[in-house]
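The chain below stands alone, shown as structure tokens; this is the form predicted alone.
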């Protein structure tokens, strides 16, 4: 019963607060949803002054169409969570945002992807410089076989972001602090980054990402290999980083999507089925496929 409901009266919104009490099973009762086709082309797909604006994005691997006409915006200082079953196109779309599909033989991307109004697929667009503006954190922590210091300093060095060792020191220190790792490693910066625990390695990779001052951070299941304590640290970090960056995260965890994101997009068989504010998507989905996936009835 919501706080505004009179005693003895039926609650007009029985799903209010479902995100606060979402259990580990993720199985919650949701109202009936529409059986209509995909509806992301409406107002829920767009936001005011987006950092990314994607229209009719399609990805082909040879003759196979892996992503089918995705239209969605990524808001500034927001977390967009992408959910859906394995193989539904989430990671494929994520790779479109920093042109990582360019490295896959036979891959072809069509449609329009604008970053701050500029077409990232334009011929004169430098992919290396683009990826400096769009950081990427992978599913498995991948620190370089270098010291903790050199892992974070690598990007600023190759992009010429500093003019002195003291400036580089400041960037390394600030990045590790923002990644919540400084207090744990400040006395062993010359130790190998690969010697850290899994959760620490992932935070090191996040520090390495933000050291080059990106506009957007992409995360592909960043907590899937971590224990619950390390996962909580990363989720807290995502919430803090949202104040400075747009973040797009792929996750298979309904609970994680509910906790960290402001908007959620549900993918199915290469199509973007539904996108909107996370509270609304979880408590009042507009498509039956979304409801079935969230409640665990999928498949």
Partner chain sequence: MSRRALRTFYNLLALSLSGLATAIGLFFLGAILWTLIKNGIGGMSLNVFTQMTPPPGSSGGLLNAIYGSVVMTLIGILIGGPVGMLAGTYLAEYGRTSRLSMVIRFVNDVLLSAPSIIIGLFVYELLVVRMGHFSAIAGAVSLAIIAIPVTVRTTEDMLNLVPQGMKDASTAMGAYPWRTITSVVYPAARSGIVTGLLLAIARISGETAPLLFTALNNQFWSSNLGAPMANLPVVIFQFALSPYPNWQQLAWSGALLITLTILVLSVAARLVVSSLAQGGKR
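The structure presented is a predicted model; accordingly, all values stated were derived computationally and were not measured. Numbering follows the first chain given and starts at 1.
Absent from the display: the form predicted in complex with the partner chain. The rest refers to it.
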(request) Would you kindly say which of 146, 77, 178, 188 lies with a heavy atom within 4.5 Å of the partner chain in the model of the complex? (result) 146
(request) Quick one: from 113, 88, 100, 109, grab the residue that has a heavy atom within 4.5 Å of the partner chain in the model of the complex. (result) 100
(request) Tell me, yes or no, whether residue 164 is in contact with the partner chain in the model of the complex, where a contact means a heavy atom of each within 4.5 Å. (result) no
(message) My question is simply whether residue 136 lines the interface with the partner chain in the model of the complex - judged by any non-hydrogen atom within 4.5 Å.
(response) yes
(message) Please determine whether residue 132 contacts the partner chain in the model of the complex, using a 4.5 Å cut-off between heavy atoms.
(response) yes
(message) Given that the partner chain is not shown alongside this chain, does residue 126 nevertheless sit within 4.5 Å of it in the model of the complex, heavy atom to heavy atom?
(response) yes
(request) Please determine, with the chain shown alone, which of 168 to 176, 151 to 159, 222 to 230, 68 to 76 has non-hydrogen atoms within 4.5 Å of the partner chain in the model of the complex. (result) 151 to 159
(request) For the heavy atom contacts within 4.5 Å of the partner chain in the model of the complex, list the residues of 70 to 95 involved, in sequence order. (result) 95
